[in-house]
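The chain below stands alone and is given as structure tokens, in the form predicted on its own.
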């Protein structure tokens, strides 16, 4: 067990150091997120009273598409350099790769949340610093990373991985999208908790199911 945990820690550290040196993924994700928010800002001139109703949807859409840029690079670095087989042989179990990549993708999504929420608050003159709202975004990021890492592992060895990833991923994310937008919107609009409480357990269940599923089938996905 200790060897397994050390391998996960090593792979996460490797991904973070590689990203820190190149900054390719986070720069692309943040640039896309900023551009999207500016487009929404100038395309939707809403009254302050209506901004609570759409803020959750805008932020999640920005995170969703920005995160896809990061998922495309989750495995492609090792694949393009021809060292993916070596990585598979170096770890005690292939589930190590899934867990490490999932946590790395989750951290990337957390960074996007940290950058996007203040930017939206400034541009729209509307504070999104609500603990419930931030908590829902983090749960959504967890489920997104769990499902996205699994799908990225399935498509990494295909020629059209950049196209196949969103085609396969977005339908899988539909329950997550609904749960995140409904729950986050409920917190922002001040809706009584009983009116949106069902979405939080659904969000948590989705996260657990996708994490467990990815952990269980990743060996088969990579081997095939």
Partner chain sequence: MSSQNKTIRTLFTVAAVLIAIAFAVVLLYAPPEQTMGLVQKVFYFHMASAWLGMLAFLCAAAFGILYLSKKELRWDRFEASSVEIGLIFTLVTNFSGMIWAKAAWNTWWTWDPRLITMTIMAFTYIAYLLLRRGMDDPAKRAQFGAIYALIGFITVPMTFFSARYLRTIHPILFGAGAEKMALSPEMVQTMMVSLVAFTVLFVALLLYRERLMAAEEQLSALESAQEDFDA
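What you see is a predicted model, and the numbers here were worked out from it, not measured in a lab. Positions refer to the first chain, counted from 1.
One more form of this protein should be noted, the form predicted together with the partner chain, which is absent from this view; the next part is about it.
*Asks:* Identify, from the list 141, 96, 117, 151, the residue with a heavy atom within 4.5 Å of the partner chain in the predicted bound form.
*Replies:* None of the other options qualify; the answer is 151.
*Asks:* Can you pick the one in 197, 189, 27, 158 that has a heavy atom within 4.5 Å of the partner chain in the predicted bound form?
*Replies:* Exactly one residue meets the criterion: 158.
*Asks:* Would you check, heavy atoms only and a 4.5 Å threshold, whether residue 168 touches the partner chain in the predicted bound form?
*Replies:* Residue 168: contacts the partner chain in the predicted bound form.
*Asks:* Does at least one non-hydrogen atom of residue 222 fall within 4.5 angstroms of the partner chain in the predicted bound form?
*Replies:* So residue 222 counts as contacting the partner chain.
*Asks:* May I ask you to check whether residue 178 falls inside a 4.5 Å heavy atom distance of the partner chain in the predicted bound form?
*Replies:* Close contact exists here: in the predicted bound form, residue 178 approaches the partner chain to within 4.5 Å, heavy atoms only.
*Asks:* Is residue 54 near the partner chain? Define near as a heavy atom within 4.5 Å, in the predicted bound form.
*Replies:* Contact with the partner chain, no.
*Asks:* Looking in the predicted bound form, is the partner chain within 4.5 angstroms of a heavy atom from every one of 174, 209 and 213?
*Replies:* Every residue of the spot touches the partner chain in the predicted bound form.
*Asks:* Which among 67-75, 107-115, 120-128, 143-151 is in contact with the partner chain in the predicted bound form, heavy atoms within 4.5 angstroms?
*Replies:* Heavy-atom contact with the partner occurs in 143-151.
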